[in-house]
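Take a look at this single chain, the form predicted on its own, given in structure tokens.
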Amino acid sequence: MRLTHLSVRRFRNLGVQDLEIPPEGLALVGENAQGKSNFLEAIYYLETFRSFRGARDEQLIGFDHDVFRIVGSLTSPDEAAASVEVAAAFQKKGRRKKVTIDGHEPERLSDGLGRLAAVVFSPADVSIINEGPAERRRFLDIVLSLNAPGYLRSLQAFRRTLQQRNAALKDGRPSAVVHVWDDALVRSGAAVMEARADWIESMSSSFTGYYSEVSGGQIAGFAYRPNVSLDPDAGAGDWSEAYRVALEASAERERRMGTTVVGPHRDDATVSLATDRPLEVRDFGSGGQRRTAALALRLVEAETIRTARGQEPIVLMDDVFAELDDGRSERILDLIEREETGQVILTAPKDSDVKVRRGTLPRWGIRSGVIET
């Protein structure tokens, strides 16, 4: 799909604007703190109905206003008649969020996810590498919720059950009451872990390839580190049994700590440099190696969109070359130019920083949130 029209009302500092988006994409050029990232944030909000920068919905509303609204029109390049309108609004009073697809509210918010097939590249992505396991779980959950059928439902079921089970543990309820939740926890938790394991295994060679190309020949690996031990000779269906065994073994520790200590909520995914002894990039990598690892993860996400949804992703690039050395910049540029991507919408502080599709992207400007086409 291609984004053809974007209507913004009181989102961040963007005010009220209606924009026709060129089919090839665009380069939004302007000084810092003018709203370039806000523009990309508004577009990506229609993919996940949340900020890719981690802001709460109430923080996205323009000053002195109570509501923001974003509407995007999408068309298929292959079928001129195929189109869809995705709209999202949030009202501070009552903290009410409303999403519509072609004017109709989906039964569940999750039913509206992933209509843009967009992926965001941002310098802030390095936090996926630098921060703790929660950041990497968040990355996995977003990618799989958008691209793996059934994953989001399993994840939501697991979180609901975990909350109820933890409440029983915290209140010191009898073991019989705590274990009432075990079957549902195992069923949903095993589905989450299996999906994570399958995806990482299927994409690990792609990650290594992307990392090697951007870094200029260095090798790094991407691996799943589940909180539950699975027999390496066991089949895929044994995640449930492994989780059940782990819960039984941790019962006494759970009692002492008042919380569930094993399961996908304690998982991690590691990126390691291929040396004589694998070294995690988070702990031993240079700044360039960490940024390269984050870029490789986003390239894997884009490949997943192509594979899972059968369409070219809309690529949103938020000044991604700002913190890369010239060699890495050139290599990531070559790689992105070769990849099968649809629209490219990028931001840059000055025209000379527009490197991707330099000769084909229309230039737009922005000052104090007002976009000049």
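Numbers follow the displayed sequence, beginning with 1. Note that the coordinates shown come from a computational prediction; the quantities given were computed from them, not determined experimentally.
Note that the form predicted together with a small molecule isn't included here; everything after this is about it.
- Looking at 301 to 309, 29 to 37, 324 to 332, 43 to 51, the stretch with residues near the small molecule in the predicted bound form, meaning non-hydrogen atoms within 4.5 angstroms, turns out to be 29 to 37.
- Taking the partner from the other structure, the small molecule in the predicted bound form has no heavy atom within 4.5 Å of any heavy atom of Arg9.
- Contact between Gly342 and the small molecule in the predicted bound form is not found at the 4.5 Å heavy atom cutoff.
- The closest non-hydrogen atom of Asn13 lies within 4.5 Å of the small molecule in the predicted bound form.
- Heavy atoms of Ile336 never reach within 4.5 Å of the small molecule in the predicted bound form, leaving it off the interface.
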